[in-house]
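To begin, one chain is listed below as structure tokens, in the form predicted alone.
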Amino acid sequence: MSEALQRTPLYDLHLELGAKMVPFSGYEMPVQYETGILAEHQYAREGAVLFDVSHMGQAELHGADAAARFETLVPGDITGLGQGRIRYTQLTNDAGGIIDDLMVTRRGDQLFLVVNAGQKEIDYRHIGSSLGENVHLTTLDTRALIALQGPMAADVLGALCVQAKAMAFMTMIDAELGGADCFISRSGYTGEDGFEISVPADEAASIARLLLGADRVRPAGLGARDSLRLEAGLCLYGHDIDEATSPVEAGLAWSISKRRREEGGFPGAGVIMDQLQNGAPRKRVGLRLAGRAPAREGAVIVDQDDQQIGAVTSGGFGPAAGVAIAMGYVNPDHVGLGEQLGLIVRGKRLEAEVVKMPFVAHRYFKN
């Protein structure tokens, strides 16, 4: 018998709002509401949408050596992270593969972590077994996580929490929202300006209702979240990145600072630094298809002679891009912009071109 699906603190609200619920990473999650994925996607580009991301893992690392110890597990610069600043990095294995990608925030004398839902138990075991005696991992299972994304997000949240509107991108503050003690970060997974709000689980529904009460906010589900992140060229763990994929192959080398490249000292450092210097055996590329028909994950990528050179890891129609788009891995001989390739879908070749990502320009807040 399969294990029962978990529910987030917003489950009843999703049903009230007419959500279609689906299994996702062990949870019952809304894939869309009555308006549909396309409308939700478009509204995220024009107004503001609210996502329930409470299935994600939230945790804290405590101890004077927390940053230094955690830096031995990731290639990101953690000891140099300023107060209230957020860093994107990856947990790597000895082969240079990605165990998970995550956000790390220096919050007071501790680190606040947000990890992927499907990997969180693996992450917690991996991190907890590697910290030593003076650093401790605490999982925040009594907190929910809400994402407010879109060009109107700052106006909406700023009307309820004055400090939020002045926040810089990739920063976090502790603030009161609707009477609840929240951790508010200016970050997200859509390519738009927006915020992620960690709230006590028992106050999540009231905070969500408060935000949805604004004229310019609508609920959105996993379907729109996926199409938005695809247009933004952002990786999805278990699809575009995994334990067999290095940060260099995935195009995430930008997240490894000069100091970490020089010093190493993280799992798989030898493999990753060799790839930085000498090139990776494959690279993630963006693909724009000639028509509207999409190529989904697993579609074979071929060259002009129909020889297989890679595979699609994410794909679909990009509503804002106006065309079918995809991401996938190809060998280094075929990563040049403008390269003409084919994607095999149901036995038929669909023409595609290697293009620069993101497919839709990021509109993160700039100070």
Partner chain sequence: MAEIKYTEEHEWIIVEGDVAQIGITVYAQEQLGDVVFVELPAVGAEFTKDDQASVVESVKAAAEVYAPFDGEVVEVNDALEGDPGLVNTEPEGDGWFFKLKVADPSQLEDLLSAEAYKEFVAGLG
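Residue numbers count along the first chain shown, from 1. If you're wondering where the values come from, they're calculated on a predicted model, not measured in any experiment.
Another form exists, predicted in complex with the partner chain; not displayed. Remarks below refer to it.
- Here is the short version: of Gly47, Gly36, Gly26, Gly63, the single residue with a heavy atom within 4.5 Å of the partner chain in the predicted complex is Gly36.
- A heavy atom within 4.5 Å of the partner chain in the predicted complex is found for exactly one of Gly80, Pro294, Gly238, Gly84: Pro294.
- Site residues Lys20, Phe317 and Arg346 are all in contact with the partner chain in the predicted complex, judged by any heavy atom within 4.5 Å.
- Contact annotation for Ser54: none of its heavy atoms lies within 4.5 Å of the partner chain in the predicted complex.
- The partner chain is not shown here, but in the predicted complex it comes within 4.5 Å of a heavy atom of Gln32.
- Comment: 285 to 293 is the region of 258 to 266, 111 to 119, 285 to 293, 176 to 184 lying near the partner chain in the predicted complex, near meaning a non-hydrogen atom within 4.5 Å.
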